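Starting off, we have a lone chain in the form predicted on its own, written out as C-alpha cells.
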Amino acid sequence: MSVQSKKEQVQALRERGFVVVPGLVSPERCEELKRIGEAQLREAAAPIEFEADLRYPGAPVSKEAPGGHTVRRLLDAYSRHPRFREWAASPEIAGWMEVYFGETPVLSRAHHNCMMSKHPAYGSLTGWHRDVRYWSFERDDLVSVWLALGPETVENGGLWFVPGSQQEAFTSERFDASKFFRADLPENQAWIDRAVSPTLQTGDVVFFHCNTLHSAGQNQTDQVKFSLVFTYHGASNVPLPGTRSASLPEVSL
C-alpha cells in the first residue's frame, strides 16, 4: 500500500469504512507493548474479560470448563500501563483524529480501551456486527484504532470488514437479538460476500468506523495474537447521560 497523507487516509475511511495505515508504529515500540501485555496476561490482573464471559462460538462454556480462564481482553488499557496511555494519546493519533472529526478528539474509556488477546485453543469467533450496537452517543460517529502488535492474518483470527457498510441504514430485522448481523438472510449474505480481511504486519494500524460491519475468526496457530484497541469521538459528540458510554471519565487529546 502506498504512503497516503492523513487527508487521503481519512477520505478512504469515509468511503470504505476502514483504512489500513502500514508501519505507523515501530517494531521496537510494538515489541515493548506486547511484552507488557504478555506480563499482564500472566498476572490476569483485573479488570479483565474472559472468553467464557461472552460464550461466543468456540469459547469455553463456563469458567469451570477446560480453558475457562482464557482471557479475551485486558480492560481499561489506558489505566493499565503508562506505555498504553502514551500510545492512546499520542500525537500521531491526536493529529489523525483531528483531521477526521474537524474538532478536538476525545478518547472513550468506556469502549474498547483494551489489549485484545486471541488464544489458539479457546479464542472465540466474533460474528458480524457494528460496534455502535451497544454504544450511546448523540451521533453514531466514532472511530476505533486497532494496532497490530504482531502479524494478523485469516489464520490467526484477523479482522474482516465489509467495505461501504458504514453508510448503509440497515433495519433492526437484519440483526439478531444480540445485535449480530444475520448471516441467514440472503440480503445480508450479499453484503458479507463483499468482506475483505487485510493482512496486517507488526505496527500496522487499522482505523475503522463504528458502523462498519466486521468480524473475526478463530486463531488456528500456536501463538497468542495481541492487538491494542482504542476508540475516539469528536468533542461535540457526547455520550448520553446514564448510559455505559458515560460510565468512565473521557480523555481530551
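Keep in mind it's a predicted model, so treat the numbers as computed, not measured. Throughout, we count residues from 1 along the sequence that is shown.
Absent from the display: the form predicted in complex with a small molecule. The rest refers to it.
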property	result
Sole residue of L159, L147, L107, A77 within 4.5 Å of the small molecule in the model of the complex, by heavy atom	L159
Interface residue in the model of the complex among A216, C30, A52, L200, criterion: non-hydrogen atom within 4.5 angstroms of the small molecule	A216
Region of this chain that lies against the small molecule in the model of the complex, out of 79 to 87, 127 to 135, 98 to 106, 169 to 177 [heavy atom, 4.5 Å]	127 to 135
In the model of the complex, V71 touching the small molecule (heavy atom, 4.5 Å)	no
The small molecule contact in the model of the complex: H111, any heavy atom under 4.5 Å	no
The small molecule contact in the model of the complex: L142, any heavy atom under 4.5 Å	no
I93 within 4.5 Å of the small molecule in the model of the complex, heavy atoms	no
